[in-house]
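Just one chain follows, in the form predicted on its own, and it is written as structure tokens.
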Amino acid sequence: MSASVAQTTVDSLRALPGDAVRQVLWRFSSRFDLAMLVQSVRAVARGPVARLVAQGARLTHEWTPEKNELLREFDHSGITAAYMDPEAGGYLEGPKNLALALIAFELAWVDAGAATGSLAGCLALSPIHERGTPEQRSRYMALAAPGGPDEPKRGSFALTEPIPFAGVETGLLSGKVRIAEWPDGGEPLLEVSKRGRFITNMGFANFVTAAVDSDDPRIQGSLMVILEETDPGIFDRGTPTRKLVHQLSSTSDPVFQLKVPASRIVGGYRVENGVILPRYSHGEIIEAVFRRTRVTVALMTSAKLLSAVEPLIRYHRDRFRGSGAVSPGSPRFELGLQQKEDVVHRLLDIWATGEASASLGFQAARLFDELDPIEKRKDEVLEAAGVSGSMAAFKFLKRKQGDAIAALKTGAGDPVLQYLILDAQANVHCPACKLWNTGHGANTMREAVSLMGGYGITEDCPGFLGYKWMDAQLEATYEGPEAVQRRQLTVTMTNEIFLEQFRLWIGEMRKIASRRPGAGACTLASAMELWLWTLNYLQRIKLFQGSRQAVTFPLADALCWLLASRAQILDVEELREKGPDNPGAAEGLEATVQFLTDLCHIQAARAAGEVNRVCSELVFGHRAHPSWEGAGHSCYQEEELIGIESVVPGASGFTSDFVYEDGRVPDKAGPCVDMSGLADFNRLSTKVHGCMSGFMIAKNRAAQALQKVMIPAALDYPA
């Protein structure tokens, strides 16, 4: 073997990363409550949920009694109460973003429909939890909490409508609200008309948080309102949606025509000059809700990718066993398809994508856990300063941006500055993980299914990979399809606070690269520099504009690759530093860290290649190629080159474009493109190419480890 592809000798990976390793990677090794929650959720996922799938429950879109039993399993295991605060019947103190992310991940490891059904109840409560009045929070959180004498009330979130298709535009509402009665000195009674589309949990929901628009001059704007099944009027659960995916969740198209008191307006209201002014529009509420819940959906696809690794290894190794021509102990018997480089290398790409997407998703969940209490402190500061109303708050925070940028380097003690810094990150990471995890993740799941051959699209495929591939297509559209996430990133990734953090992250990757040359951090830092240069260039030449989505959207996609790779590298660095102190993770740690580091290098190189492609297309794709007929090209004439060559021998080798004495030109489209002003881009692009050095060495080393890693004798849930 040549020196250029020599392999570093290390202990081989012994087993797939276990719970102790994952707890360190995703920063909850000190949270005993979360570790127990994971085990409880896993018992439901790989027990009742897996049995339902194996028994064919996904083959009907009806909400059956067998599926309904999952709700009680969720109650008994603590899944339902995980969203509640302790005073409302829950058991987890503080923010719940990481807890809900872990629940979604564990359930989606087996079936995303079950995860969706669980999360939809939290989604119904989220508008009330985030923006409801104290009375609304107290009532509905208590009603939904299990453990009382009655079965908990189930909620549903009714946002989208048939106008004409599901989830196309959350800003347009055909649902209407008007005043039915307004007694003198009494509370107004509202009449709510709403037709929902693709609404989860409607097969059993007892209450609904619905988005509607005013159809009455005495009500201003849009709002969200709480509807109960016992309200007078029509509470029609609707026809079950004939979906092909997520069949363990209940989805239908409901119809509501109900009369409810105005106190059901989420967040409350005030009356001015005989007009009801809701405290929050429906847009303000869903912005607060979706910026958190998109993260859990993103992690559902991550779980699919990582759950595919073990079934694929088993399938590849067992591929030829049972044939009389393949004797035990032979390479063909022991490795099967894993003898082939293509198989192991493609599986490594799937695994690396799963690790990066999980790292990005859990990083976003932890970020929101950090942001939530600081956001409340920020609100207190603004209230004390007499700042009220969304526009006044916006102007106040805008004036603080410069201070926040300065505080990035010095450390911010002021809660307002802390909020601005974390909020700038969260506003990018939330759409980024939703976009990349579900979009690129769905494409990568196709690779996983293809590596199963024809077995991948059968009902009894180990790991339910065919179902997971189909489910991923829906997750890519949940809570806003890819275009919505890209549009949000177009705005948030140009925030100067975020960009200053991004510059600091480049330095962070350089420091890691100096300590860990094989971690891919150097490759990633170079790609980050190229992305930042391209953004600045496109802004300078006025190409980066909201309407130019062929420019802004690809650049948003490229940023997602960078953020995912960075999160993955940071997680492995955490394991490298903290793993030795964790008894459960310490055994075989060196080999595990080496393998995960190689996956980082693989993913960083793929991210760098993607960024280089996108940036090159955007920078050069908008420059017209010169032609021989065009005026102003500065090509040498043949006789000029002859004269120069007579004075400086060899000088003609520095130009490729010249016109022959008889007027002929070289056989190509025209003179080479003028590179003036692009020297820095070309330098950075070339640097990215060079920084990919060693990534295939890492991939070959990881491939050898993959051939040797031990896996359990069978999956721990039924096929």
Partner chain sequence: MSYQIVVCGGIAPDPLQTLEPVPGPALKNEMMLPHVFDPWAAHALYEAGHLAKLNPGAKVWVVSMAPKAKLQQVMMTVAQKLPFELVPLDGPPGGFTDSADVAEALAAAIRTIAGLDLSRLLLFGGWESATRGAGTTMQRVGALLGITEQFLAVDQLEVRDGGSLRVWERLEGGRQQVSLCSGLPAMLAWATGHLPEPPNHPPTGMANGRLLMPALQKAKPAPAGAGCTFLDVSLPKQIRQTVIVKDKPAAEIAREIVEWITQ
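Bear in mind that the values here come from a model prediction, so they are computed numbers and not experimental data. Residue numbers count along the first chain shown, from 1.
Just so it is clear, the following notes concern the form predicted together with the partner chain, a form of the same protein that is not shown.
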{"property": "Residue among P583, G402, P373, P183 with a heavy atom within 4.5 Å of the partner chain in the model of the complex", "result": "P583"}
{"property": "Residue among R446, K542, R613, H76 with a heavy atom within 4.5 Å of the partner chain in the model of the complex", "result": "H76"}
{"property": "Interface segment, criterion being heavy atoms within 4.5 Å of the partner chain in the model of the complex, picked from 476-484, 340-348, 584-592, 129-137", "result": "584-592"}
{"property": "is_contact(A679, the partner chain) in the model of the complex, heavy atom dist at most 4.5 Å", "result": "no"}
{"property": "Contact label in the model of the complex: T64 to the partner chain, heavy atom within 4.5 Å", "result": "no"}
{"property": "4.5 Å heavy atom contact, L684 to the partner chain in the model of the complex", "result": "no"}
{"property": "Residue contact check: A54 to the partner chain in the model of the complex, 4.5 Å heavy atom", "result": "no"}
{"property": "Members of 28-65 lying within 4.5 angstroms of the partner chain, judged by heavy atom, in the model of the complex", "result": "F32, D33, A35, M36, L37, Q39, S40, A43"}
